[in-house]
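Single chain ahead, written as structure tokens, the form predicted alone.
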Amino acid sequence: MLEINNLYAGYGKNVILQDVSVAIPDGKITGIIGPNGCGKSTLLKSVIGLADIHSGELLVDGKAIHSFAPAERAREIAYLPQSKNVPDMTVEQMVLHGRFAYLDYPRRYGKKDVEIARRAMEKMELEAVCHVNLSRLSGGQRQKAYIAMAIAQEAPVILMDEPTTYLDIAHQLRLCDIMRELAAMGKSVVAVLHDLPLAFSLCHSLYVMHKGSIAARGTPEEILAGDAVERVFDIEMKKINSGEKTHYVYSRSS
């Protein structure tokens, strides 16, 4: 379980997050939603050490994250960033990087690492391009390679910042299935999402962020019943039941 208590964080003296508390349970998908610039990405970066912590507490299974050595943190927390460089390497080499925290000297991948990377590539349907350089792939294929690397990392906590970026609809749905599979395995899955209907249909619980703070938290039903979405986004969200399926739609607030 990932716990964030009374967090103040940002970059240098610029404090972005103010008194943020979040509890991410095992075996669930937790969504972080909010307008641009509200601190969603900074929240994830705080967990992995890419933002400056001014005060507050960050715990994984009750242990302070700041006490982890870098390799230990990588074994506990996988992170899929929103913005990524395109390194000069093949898909297979990229996915194998997810195993780096498990290597002992002399830092050579073993059969187990190769097999885990292979399964991750199969899950993301990358077998046909496993030996292709990332620079030659589409944005969607590169995104799938980064997701495969996060899967290969086998961390109990998985943080995803806009994971559906560049993915077409079919692969977005496949990724949702994979996120559900990961949660069913007992992992804590956290996703920053701009697609509100997707967030409401996919996540077990949601945190609504606004101006660096938590504006609301709860199940999708609880968030929908409140006024946080209208206050923060100036839109109205509605739930529509069509047969056995549920759809979420939004419109401008009147």
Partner chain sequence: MVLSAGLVLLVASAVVSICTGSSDITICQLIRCLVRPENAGVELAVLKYVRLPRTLACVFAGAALGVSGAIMQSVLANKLASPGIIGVNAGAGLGITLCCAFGAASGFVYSLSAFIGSVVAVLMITAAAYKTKASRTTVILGGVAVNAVLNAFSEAISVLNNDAALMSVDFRVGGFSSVSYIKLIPAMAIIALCLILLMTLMNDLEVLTMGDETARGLGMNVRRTKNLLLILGALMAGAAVSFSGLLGFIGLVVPNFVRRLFPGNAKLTVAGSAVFGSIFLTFSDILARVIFAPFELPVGIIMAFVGGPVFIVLLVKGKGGHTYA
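Residue numbers count along the first chain shown, from 1. This one's a predicted model, so the numbers in the text were calculated from it and none came from an experiment.
The next section is about a form of this same protein that is not shown, the form predicted in complex with the partner chain.
This chain appears without its partner; in the predicted bound form, the one residue of Leu167, Val132, Ala101, Cys176 with a heavy atom within 4.5 Å of the partner chain is Ala101. With the partner omitted from this view, the residue of Ile158, Leu126, Ile116, Met149 that lies near the partner chain in the predicted bound form is Met149 [heavy atom within 4.5 Å].
At a distance of at most 4.5 angstroms from the partner chain in the predicted bound form, all three residues Lys45, Asp52 and Arg107 contribute at least one non-hydrogen atom.
For the chain shown alone, Arg73 is a contact residue for the partner chain in the predicted bound form, at least one non-hydrogen atom being within 4.5 angstroms. The partner chain in the predicted bound form comes within 4.5 Å of no heavy atom belonging to Met121. Looking at Ser83, you'd find a heavy atom of it within 4.5 angstroms of the partner chain in the predicted bound form. Though the partner is left out of this view, Gln93 does reach within 4.5 Å of the partner chain in the predicted bound form, counting heavy atoms only. Look at 202 to 210, 26 to 34, 64 to 72, 189 to 197: in the predicted bound form, residues with non-hydrogen atoms within 4.5 angstroms of the partner chain sit in 64 to 72. For the partner-free chain shown, nothing in 215 to 240 comes within 4.5 angstroms of the partner chain in the predicted bound form, judged by any non-hydrogen atom.
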